[in-house]
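Shown here is one chain on its own, the form predicted on its own, set out as structure tokens.
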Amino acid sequence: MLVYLDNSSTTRPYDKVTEIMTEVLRNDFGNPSSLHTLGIAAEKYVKAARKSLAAALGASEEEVYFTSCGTEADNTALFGAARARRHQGKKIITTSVEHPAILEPAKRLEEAGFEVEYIGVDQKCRLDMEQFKAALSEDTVLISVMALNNETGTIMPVEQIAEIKNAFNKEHGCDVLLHSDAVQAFGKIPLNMKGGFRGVDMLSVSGHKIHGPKGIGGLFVRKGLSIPAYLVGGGQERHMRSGTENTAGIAGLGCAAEICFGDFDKRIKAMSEARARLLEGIKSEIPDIIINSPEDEWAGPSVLNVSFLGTRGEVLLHTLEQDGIFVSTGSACSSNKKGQSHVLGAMGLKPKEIEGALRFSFSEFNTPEEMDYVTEKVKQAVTRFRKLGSFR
């Protein structure tokens, strides 16, 4: 049996995504900017994908830009907003548990003279809203808060933050911008830019988290907002992102978005049921654990993070791999960096508690029956490691 529970790192592309990408690469390979028939055929894929992505976000097509990945979308938003608003203030607010695609640009902006305040979280990765409210000031130019944490699955209060930001702008005559890294949230929770997320000015997404291809992402920029381009050159993407369009990747993202949001509730139900079954099994079968993910309304359907005390997550990972179970110890984008999870550290976990943490991340293809198998194998692996550890 193969049970893939590392969907927060990447997902298996839908078969239809692979098929449409193959068709583009094999037959409709023209440059979308070319005026001949091959170029026009390629351009049609780009237009169709933009329409699908806009529909999935509840946005207009002119508000959607394609990027090479979620990281580029995040960088474009942060550096662009900072440049556009640098004469209005030098303060940026983000959180201590963001993805490196936010934290690294934030460091660069600090080096460039901006003040960055990092809002803390509690033991379940829930944002400290009192600290956020106290941090908001008239010299703030940008707020960047992820929509769903990639290590714990905690839903962040972006809608509430948007309401606070809008009220603050109105009261003080400011123009604070709000960006959200929604790479993990896209396809997992509703993101309606005309609904609950209408106060969000910029939002980043990625293709390979929703059963689309790697190497493609998207950035929502609210109509009327002007930020400088991050990549300049030939002026593609309405001068927002130069570079010949990755037509196959764009077509794959559009296809994945269409499938993903075509039966959204059914997909979320499947993820939620798998998560609940595994959580129940682990809590009932394995003692001495810490559930790091929320178990209330702030819990997203796609991630479950658990610390198995007296073990090492990396050893458990490879032991489970031998049983055909694929999990992670945290963010794949940070796995090549030394040190423990900055997210779990910010939540107040001790080093040994972080060392024993595993992240299980779900897709619509996981079943409750698979979770019973995973519970059994995790119990065996944890029991074996703890017995060995007692002889050290």
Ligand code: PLP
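All residue numbers are counted from 1 along the displayed sequence. Keep in mind that what you see is a predicted model, and the values were worked out from it rather than measured.
What follows is about the form predicted in complex with this ligand, which we do not show.
Visitor: Just one of H99, K124, R267, R241 has a heavy atom within 4.5 Å of this ligand in the model of the complex. Which one?
Guide: When this ligand is considered in the model of the complex, the option within 4.5 Å is H99.
Visitor: Select from the listed residues T154, Q184, T140, T94 the one whose heavy atoms reach within 4.5 Å of this ligand in the model of the complex.
Guide: Comparing distances to this ligand in the model of the complex, the residue within 4.5 Å is Q184.
Visitor: For the chain shown here without its partner, which stretch in 348-356, 22-30, 63-71, 50-58 has non-hydrogen atoms within 4.5 angstroms of this ligand in the model of the complex?
Guide: Among the candidates, contact is made by 63-71.
Visitor: Looking at the partner-bound form in the model of the complex, is M146 within 4.5 Å of this ligand by any heavy atom?
Guide: The answer is yes: M146 has a heavy atom within 4.5 Å of this ligand.
Visitor: Evaluate K209 for contact with this ligand in the model of the complex, applying a 4.5 angstroms cut-off between non-hydrogen atoms, and reply yes or no.
Guide: Contact check for K209: yes, within 4.5 Å of this ligand in the model of the complex.
Visitor: Decide whether N150 counts as a contact residue for this ligand in the model of the complex under a heavy atom distance cut-off of 4.5 Å.
Guide: Yes - in the model of the complex, heavy atoms of N150 and this ligand come within 4.5 Å of each other.
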